[in-house]
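Next up is one chain by itself, shown in structure tokens, the form predicted on its own.
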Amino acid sequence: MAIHPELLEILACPVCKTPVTLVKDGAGLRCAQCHRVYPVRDDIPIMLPEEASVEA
């Protein structure tokens, strides 16, 4: 089961408030503004800044 599309519409990066998008493999949500990738575990997005990794 994937993240529901309606949930994706309302999720935003907690740091910069930019909408997030699902990464290709569905294992995370990426913020285009600050380049953080928030993990998705058991189909639950973990939207905590300390859990995110930062991509270059």
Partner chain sequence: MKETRQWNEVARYWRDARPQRLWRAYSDLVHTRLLERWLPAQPASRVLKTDVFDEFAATGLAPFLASRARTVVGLDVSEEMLRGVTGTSSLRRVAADARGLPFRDASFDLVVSNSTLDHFDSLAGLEQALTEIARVLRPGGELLLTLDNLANPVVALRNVLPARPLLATGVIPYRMGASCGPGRLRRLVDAAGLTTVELGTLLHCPRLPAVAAARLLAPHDGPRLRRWFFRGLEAWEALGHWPTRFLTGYFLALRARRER
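Residue numbers count along the first chain shown, from 1. Predicted model, so just to flag it, every value in this text is computed and none were measured.
Omitted from view is the form predicted in complex with the partner chain, to which the following refers.
- Of the heavy atoms in Val54, none are within 4.5 Å of the partner chain in the model of the complex.
- Although the partner is absent here, Asp25 sits far enough away that none of its heavy atoms falls within 4.5 Å of the partner chain in the model of the complex.
- Proximity of Ala32 to the partner chain in the model of the complex falls outside the 4.5 Å heavy atom cutoff.
- The closest non-hydrogen atom of Ala12 lies within 4.5 Å of the partner chain in the model of the complex.
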